[in-house]
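Taking the form predicted on its own, here's one chain by itself in structure tokens.
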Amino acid sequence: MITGELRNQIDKLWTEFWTGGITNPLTVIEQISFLMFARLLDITETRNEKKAERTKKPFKKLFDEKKQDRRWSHFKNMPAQEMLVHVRDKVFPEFKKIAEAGVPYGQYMKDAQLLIQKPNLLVSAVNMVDDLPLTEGDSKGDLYEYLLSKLTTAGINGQFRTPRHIIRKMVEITDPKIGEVVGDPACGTGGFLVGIMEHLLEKNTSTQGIIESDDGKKTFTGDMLKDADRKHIRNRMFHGFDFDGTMLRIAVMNLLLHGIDAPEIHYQDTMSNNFTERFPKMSEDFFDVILANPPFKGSLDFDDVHPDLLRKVKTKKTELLFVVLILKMMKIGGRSATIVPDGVLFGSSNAHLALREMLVDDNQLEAVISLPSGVFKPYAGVSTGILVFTKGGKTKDVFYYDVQADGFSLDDKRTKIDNDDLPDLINRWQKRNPKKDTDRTGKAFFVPADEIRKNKYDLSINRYKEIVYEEDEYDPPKEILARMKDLEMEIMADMDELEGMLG
């Protein structure tokens, strides 16, 4: 858990970046990530040196004898102007050579460029990164999440940072397990993958393995995980794709700081023609679980989209194509929770209809969860829902839940409030029963698939929810008129009195 002091330091540095002319939050986080990477390299090198000294066994150095000045411990105390030139001209270019040497994560940092122009700003950033607890288990992930929480602008193509409390509920609903393979075809900052990692740790921690801090925050150590489980988590379980280089670097750093040492994170447009060529195994029938909040802004050219997707749903809309892609990437029985704009649920185009038919008739559409329209503020006020589905089989009944409050105000400030439907959502989902959950005036209820088919596969909750109107009682019109006349007479009397006082 980051302390108030550390939080204040980050806030102060954030302000310094703004006053230093770097105002894009993504750029600020990227620059801080580069500096964190520089420090992590030095931490790794120091650890290897101590191990070699103890075991008397040689190791492959990241920095040879002539490049010791590239190490964090060497340049962090340089005078401001000297540090700026040194980091810009020697340290950052070294990342490329380190990437070529095969260092994990190096490939994502090889194009690093120092955009900090002011020497004093660099000194402040280096001092802050030097104070960060990058070697302390859970807290390093928390601090990076705090940095990410400052993202208030969307990335390219309408990428929104998914609120972490929404991610947690999507993870709980799909319940990924050790041994499964999980992915996100548009991973952004890696939030879903981090959420799954946290879920696994919580599910595999004994009572004795829970560490509780003074403020009540619990840290789950995952002490019940076996060595084979940890190996699977580190090397095979997590997969993410994105074609925004900045997002990719941030995702990698986010996963690294949350203890996922070697995830499969790739620079790739999963919609494009070359996805199946570059990743033939992962592009089809591969994943057990996919969680996603794919970008749903703009449209694509047909020539850029893989024909397999267009054969299913001929459209240029990314929000439709991503659902088709996710179905393609999952193995039979694979399950997904995917955020979509409301239009996917009721749009009338042939493509919209074809997608919904595919979900209901060729797969198991498990749930439609309606989210309030302010969930993605301050990025956007778009109305969205979560589709929960399993690949293969056939839909029988669909669980609906109307989330009206998510524990935060629905304005741009997103202030914490008491009203929160999400715990009830999980409770109702875990106890769901099509025979009992039939009251359509409540927040949770089932709708038979046949009824959905009769309504042209309309999946919007408003189609099926019954609204109960409460009758308001008013006084008879004659009584209201009488009171209005009395009031008018009082006003006129007051005006006569005022006129008399004026002579």
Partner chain sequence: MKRTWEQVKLTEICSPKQWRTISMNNLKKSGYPVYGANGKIGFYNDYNHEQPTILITCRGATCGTINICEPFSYVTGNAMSLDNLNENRVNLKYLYYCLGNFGLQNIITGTAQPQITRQSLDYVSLPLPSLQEQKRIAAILDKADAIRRKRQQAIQLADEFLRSVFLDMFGDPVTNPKGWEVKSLGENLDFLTSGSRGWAKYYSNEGEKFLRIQNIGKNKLFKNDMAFVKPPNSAEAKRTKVKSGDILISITADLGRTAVVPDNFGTAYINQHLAIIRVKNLNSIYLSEYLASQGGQVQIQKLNRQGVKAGLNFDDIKSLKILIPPLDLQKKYEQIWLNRYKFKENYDQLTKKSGEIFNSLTQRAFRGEL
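Positions refer to the first chain, counted from 1. Take the two forms, find the largest set of C-alpha atoms that superpose within 1.5 Å, and that set is the rigid core. What you are looking at is a predicted structure, and each value in this text was computed from that prediction instead of being measured.
Absent from the display: the form predicted in complex with its partner chain. The rest refers to it.
Segments offered: 40-48, 430-438, 55-63, 456-464. Contacting its partner chain in the model of the complex at heavy atom distances within 4.5 Å is 456-464. Checked against its partner chain in the model of the complex, the residues 342, 397, 94, 198 give one hit for a heavy atom within 4.5 Å, which is 342. At the 4.5 Å threshold, heavy atoms of residue 5 stay clear of its partner chain in the model of the complex, well away from it. Its partner chain is not drawn, but in the model of the complex it has no heavy atom within 4.5 Å of residue 11.
Contact between residue 408 and its partner chain in the model of the complex is not found at the 4.5 Å heavy atom cutoff. Put simply, residue 107 is far from its partner chain in the model of the complex: not one heavy atom of it is within 4.5 Å. Contacts between 256-273 and its partner chain, taken as any heavy atom within 4.5 Å in the model of the complex, involve no residue at all.
Here residue 475 counts as shifted, since its C-alpha moves by at least 2 Å between the shown form and the other one after the core is aligned.
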